[in-house]
Structures are given as C-alpha cells and as structure tokens.
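Just one chain follows, in the form predicted alone, and it is written as structure tokens.
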C-alpha cells in the first residue's frame, strides 16, 4: 500500500486515457504529458500505459508501506526520499516506511510517479484516468488528499531501466509549440496572425488540465463573426471576444464556439502538460508537409525505446 501524507497542489491517477467517447462529450483525458508518463512507466519496468500518479506543481508526500521500485519523470520538483535528494528521470528502490516528498515545480508543471507493477485502480469506460470535471475515474473521481491509500498492482513487470543518453526531454518555463493554422485562421487580421508567431504569451492563473488562458498581444478577428459550436481537440487555440487566446489541454471541452486560430501538432502535444501558471508560451509555424514527418521521426525515436508507445 501507498499512503498519501499530503496531496499537494493537485495529484491524480492517470493512464493513457479513454479514447472513443468525444461524440458523447467525454475527452480522452489521460496523462497531460504523455511522454514523461511513458518514460516513468518504462523506467519502473511497466507497460508504458500503466496507471501512475500525476503531480501538478508539487507538494505531494507519499509513504510506502512495502518495498518496491518507483520511477520519477517530468517537472523538476526537488524530489527527496527520507530527506535525501533523488534524481529526476530515474528509477529507485524504496523500502517499507520510506517517504517520498516533491517540492514546488521549478521547471515544467507535472511530474509522474510510476510504481513497479502499476497501481490497482478500477477502470471506468476502459480507463483508470481521472476526469475531474465529471468526477469519475482514478481514485473516487477526484484529486488525491491526505489519508488516501493506494494499492499496488501485480501486473507483469520487467527489471527497472535507465534512460539512455539523448532520450531525456528538456523542460523549462518557456514552452515552444509548433502549430498549423486552424479552421478560422483567415478570420484573424494580418497583425494578429503575425503576433501569434512572433510575440510570446504567458499562461495566466486560469491554467489547469482543461486549458490555459494566455495573456499577450490582443488577437483580433473579423467583426460580427458568428459561429456555431465546432469540434475542439487538445492543442486547439481559440480566440474569444477579449482577444486573449485559450489553449485547450488534455481535459478540454469537445466543442466550442470561439474561432479556432491554431492547432498544435501531435508530436508536441505532450508539452501542453508542462504549461504552468506563469509559463511563457511561444508558437512556431508548421506548414502542411511538416507535421507528418515530425511525428514519424518522433514515434520512431521513442517507439524504438518504449515498446508500443506513440505520440
């Protein structure tokens, strides 16, 4: 068993998500940073999609009531076991009674704790992922809090692994996202189209797993633009009437009524999970032929390391 001594800012149980229900208004959810989540499970010897703990912004304290192996990956949070610093993006042994603490996030937003064998979590609609807005999945459909206990699963596992050189992603407080123009791109005036790719934005305090409201140059659309609700995906950048864009994240709505200016390419969606309040966010333009090539290269690179993984 694992005992939660402090739930931190917000910690939830996540896996690879529940695809196939967007037509019912249910997003895929799952780990906000799919890459770091997969690396944590791989280091712990698990399948890449085994349920793990996602900790946003830090503050999580866990006590392990039996010996096991864990792995950490994602945001840098000054992790310690019994007061001794432990290295991020690594697997480590913990003994009965050991306490893991995560401080505040210095670089990035979310860290992942994978336990050898994974966590024993009941699935809802084929997934153990927590979807907080609807209060289902994960641990009672909510964030972890003091006093909760988690059971370790006996799923098949392999020996702990070490990430080879060159595979550890670099995280910072400046998130650079490659994007293509989206459906309503042409409704933006020319200065606004330019601002999106040359001026950085900052993630406001209104940033969570659903989306991030950005602050920066005002983005203007054609006057009297009227839209019906249209499909949204993680990585869609919407422009509301106040001109301050909203970037949809992993738990974002399935439809929306604001103009869609940009769509983040699939190979960069994992970075959305590392956007914290105050993070600087910049967009770099991709053209039609580039995203498939980028995705193929990224899938080949990490899929060659993590069996079955793809962005």
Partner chain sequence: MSIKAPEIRRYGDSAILIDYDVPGYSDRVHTRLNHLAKTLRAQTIWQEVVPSYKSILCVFDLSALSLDDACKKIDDTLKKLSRSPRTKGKVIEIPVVYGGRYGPDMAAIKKSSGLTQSEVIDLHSGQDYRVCMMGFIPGFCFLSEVPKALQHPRYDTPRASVPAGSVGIAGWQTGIYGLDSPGGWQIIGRTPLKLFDKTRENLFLMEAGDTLRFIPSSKALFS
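Keep in mind that what you see is a predicted model, and the values were worked out from it rather than measured. Positions refer to the first chain, counted from 1.
Not on display, but discussed next: the form predicted in complex with its partner chain.
Select, from the options 42 to 50, 272 to 280, 59 to 67, 246 to 254, the stretch whose residues sit within 4.5 angstroms of its partner chain in the model of the complex by heavy atom distance. Contact-bearing stretch, as computed: 246 to 254.
Counting only non-hydrogen atoms and a 4.5 angstroms cut-off, does residue 228 reach its partner chain in the model of the complex? Within the cut-off, so yes.
Should residue 92 be classed as touching its partner chain in the model of the complex when contacts are defined as heavy atoms within 4.5 Å? No, no contact at 4.5 Å.
- prompt: Applying a 4.5 Å heavy atom distance criterion, does residue 215 contact its partner chain in the model of the complex?
  reply: Although its partner chain is absent here, residue 215 would stay clear of it in the model of the complex, with no heavy atoms inside 4.5 Å.
Original post:
Does the 4.5 Å heavy atom contact test between residue 299 and its partner chain in the model of the complex come out positive?
Top reply: Yes, contact at 4.5 Å.
Exercise for review: Have a look at 232, 239, 196, 144 for me and say which one sits with a heavy atom within 4.5 Å of its partner chain in the model of the complex.
Suggested key: So the residue touching its partner chain in the model of the complex, by this definition, is 232.
Only one of 183, 122, 205, 159 has a non-hydrogen atom within 4.5 angstroms of its partner chain in the model of the complex; which is it? None of the others qualify; the residue that does is 183.
Sequence-ordered list of residues in 1 to 38 near its partner chain in the model of the complex, where near means a heavy atom within 4.5 Å
Counting only heavy atoms within 4.5 Å of its partner chain in the model of the complex, the contacting residues of 1 to 38 are 19, 20, 21, 22, 23, 24, 25, 26, 28.
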